[in-house]
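A single chain, nothing else alongside it, follows as structure tokens in the form predicted alone.
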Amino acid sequence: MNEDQIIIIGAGPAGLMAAQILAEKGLKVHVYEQNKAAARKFLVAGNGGFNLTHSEEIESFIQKYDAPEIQNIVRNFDNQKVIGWLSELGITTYVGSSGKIFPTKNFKPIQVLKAWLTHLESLGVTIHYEHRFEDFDESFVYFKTTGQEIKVRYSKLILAMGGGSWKKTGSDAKWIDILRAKNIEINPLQSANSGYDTDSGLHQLAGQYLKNIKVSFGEHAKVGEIVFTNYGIEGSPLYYLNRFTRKHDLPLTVYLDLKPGLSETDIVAALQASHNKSSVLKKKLKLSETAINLLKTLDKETYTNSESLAHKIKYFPVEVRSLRPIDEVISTSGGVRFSALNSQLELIGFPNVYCAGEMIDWEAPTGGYLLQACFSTGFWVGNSIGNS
């Protein structure tokens, strides 16, 4: 094989973006993927609403990321540039009611991916499927495929193998042991964008939703929608709080504000105006049936006391016992530390080997921010190599 070829491991959003940037610069790129098809997690994520980025203004946009390094990388290839890149692929987009960016209705996730793969093929990018990454050294990368082991010489090697969630899509994090054996600094993977396991007293509400509520933990709060499950609660406000609650010992308590638009004083006044608490909750405070069902889990003394009930409406306590298992959450925190990488995302101590995507230690909530950072890190690495 050509000794000056660039090898990318992982045909997910980060790896494919790096491949495109490098191929557009006239470089020979080979992508190796352990699955039979590209970007399986990209497609699975699209089943729940295919938001590719978010329309938020960039200064508040980058605050969704937990590390200054990833904020800088996202700023370099931001949400507006992602929209422009999609347009160049022939993918039109629109802004949803929540500010998320979606492909227009005529483009399904598989069509977006096919358009991208077709463009990569036109640029001369070659994707080798069913090649499992086994190891690398200063000159070669080693794979197992169809029962045999092969080695491929590289000039530049990009590792873009994802995090540890949704193993069925290929994100099995088996690269961790390989990199740790080389003394590369890696923070343990943990559940991110995860639901919370709660006291069984709330499990009776499984399947019911609370919309337009505020969830808080300490000084951190997020407005949105949550759903009760047979193990606890799920929803974007909870995912947002993960990075803050994870720093504390469990169990801990998060609080639900069931009526963010009213003060506790206003709620007390409304409740004191009638002896029929249920009627006030439904007709005057206009709480949802789910919110009322939640309040009915309170003891009788609290429910019948205006001041106590008003306080629970504003600060309903939910004891969190644990996060969900890594394999079922949307993403993972942890990964290759930024301290193990230089500013080009090249591994310190391993010249010509780079990292991109979710395998790096950064974190962001759902809503387009995860995919955005994968696109951005791929773009960053592609340009770091292509411009060197």
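The numbering used is simple: start at 1 and walk along the sequence shown. Keep in mind the model is a prediction, meaning the values are calculated, not measured.
Same protein, other form: the form predicted together with a small molecule, not shown, and the subject of what follows.
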* Within 4.5 Å of the small molecule in the predicted complex, do Pro13, Ala45 and His131 each have at least one heavy atom? -> yes
* One stretch from 56-64, 333-341, 317-325, 27-35 that, in the predicted complex, holds residues within 4.5 Å of the small molecule by heavy atom -> 27-35
* Contact residue in the predicted complex, chosen from Phe77, Trp166, Phe217, Phe136 - any heavy atom within 4.5 Å of the small molecule -> Trp166
* Pick from Val82, Ala160, Ala291, Val125: which residue has any heavy atom within 4.5 angstroms of the small molecule in the predicted complex? -> Ala160
* Give a yes or no for Leu22: in the predicted complex, does one of its heavy atoms lie within 4.5 Å of a heavy atom belonging to the small molecule? => no
* Does Ser171 reach the small molecule in the predicted complex if we count a contact as any heavy atom within 4.5 Å? -> yes
* Asked: Is Trp380 close enough to touch the small molecule in the predicted complex, meaning at least one heavy atom pair within 4.5 Å?
  -> no
* Asked: Can you check whether Val329 is within 4.5 Å of the small molecule in the predicted complex, heavy atom basis?
  -> yes
